[in-house]
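In the block that follows, a single chain appears as structure tokens, in the form predicted alone.
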């Protein structure tokens, strides 16, 4: 049993194996990106812990797959209620380890609870079908849980990303071994405790932390693991997809993006320009679906650029625990270095830096919202996912040109567009290559809608019925009466 902490404390860190919290001799420090302080010591799983987690999941799956869907739903709904009750404590821990303001961490926890609720209820409607047949014959199409799932979640959404994987797998009747990010472990631990308190049997959910390559290679290769579910970078995703393919394991890959935003001539340049700067405060731009490349009509371009720069310059950086903070730190020093290098390259290529663009003096992994306009096509920032608070602005004169610019990269996760023309909207819907297109707003994902990418942004879907079905296999049964 984990210790219950007040809302202002950081939780104990441990592995979860077969319903027990375990610690090991080896550990990794978890750091606060606002000031570099150490929050806790995270136990590291070795070969013994990995083997124990797999054995526990084997036992857990045998029990859980035969648990009635209504009982599985009851446990998930109870866990969702506990997440809501404990939301302040979970959000506080998330802000400490990831950096985002509390005003963003708290909705993430509530969103995770909503994911649990949606999957719990949809589990009661995970239907098969009866295929018409001749007299005396029955053809049944059944959906069965795929088995043990090896899942990997990133550091940028340490509560909602694990929730997507845990909720979908459990609702479908699978057991799951989850390896969350070692940099942001608390959310998964707190979520697992909520599930334990809700009555989840031992072994159905297991948490491992440690050396990512060691854990992923061991899990994917093991014959008892039947599915791989990964959210993260394109290079790592391609590596894990190759491992899954080598062992004939189905996989869902939710990978990186470089989301375009087409701003048509009928749009409000002032409002959307200012809004572009504000959008990059969300998780400091560290979101795979973050709007990044604003492709703005010539007639609006200068007004849009000016509004974005003015709003960006006014944004307040600081600790996520400060209610006045609008943008918190980046998650780690690596991200600061990567973002700063992209800005330096854009500047060297001749782009205009209209706001931000310099590391602030002092401790912490901070970087301001940076507005970059007139960007040459060969600048790295137009080809590499920035994953940071960069507003990149390009211009277009013809909608076909804008669509071609939006589709010019190998990414295809999210895209956005703003127009008051139904005809333009229709062309955008048909023309943009992506898994998620939002027109006249910036919401790309809901529990009830499928989420995922095309091209290098991955394959398979999370969320909605498509996401739940991903955790199942189809069995066709033909029965002839005698």
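Residue numbers count along the first chain shown, from 1. What you see is a predicted model; the values in this text were computed from it and never measured.
As for the form predicted together with nicotinamide-adenine-dinucleotide (NAD), it is not shown, yet the points below apply to it.
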Problem - Among 170 to 178, 234 to 242, 389 to 397, 81 to 89, the region lying within 4.5 Å of nicotinamide-adenine-dinucleotide (NAD) in the predicted complex by heavy atom distance - result: 234 to 242
Exercise for the section: Establish, in the predicted complex, whether 154, 230 and 288 all lie within 4.5 Å of nicotinamide-adenine-dinucleotide (NAD), using non-hydrogen atoms for the distance. Expected result: yes
Handout entry: Option touching nicotinamide-adenine-dinucleotide (NAD), based on a heavy atom within 4.5 Å in the predicted complex, out of 334, 347, 139, 247
Key = 334
Problem - in the predicted complex, the one of 216, 95, 281, 267 near nicotinamide-adenine-dinucleotide (NAD) [non-hydrogen atom within 4.5 angstroms] - result: 216
Handout entry: nicotinamide-adenine-dinucleotide (NAD) contact in the predicted complex: residue 212, any heavy atom under 4.5 Å
Key = yes
Practice task
Considering only heavy atoms, tell me if residue 403 and nicotinamide-adenine-dinucleotide (NAD) come within 4.5 Å of each other in the predicted complex.
Solution key: no
Exercise for the section: Considering only heavy atoms, tell me if residue 119 and nicotinamide-adenine-dinucleotide (NAD) come within 4.5 Å of each other in the predicted complex. Expected result: no
Handout entry: Exercise: residue 310 in contact with nicotinamide-adenine-dinucleotide (NAD) in the predicted complex, heavy atom 4.5 Å
Key = no
Handout entry: Partner contacts in the predicted complex for 250 to 286 (non-hydrogen atom within 4.5 angstroms of nicotinamide-adenine-dinucleotide (NAD))
Key = 254, 255, 256
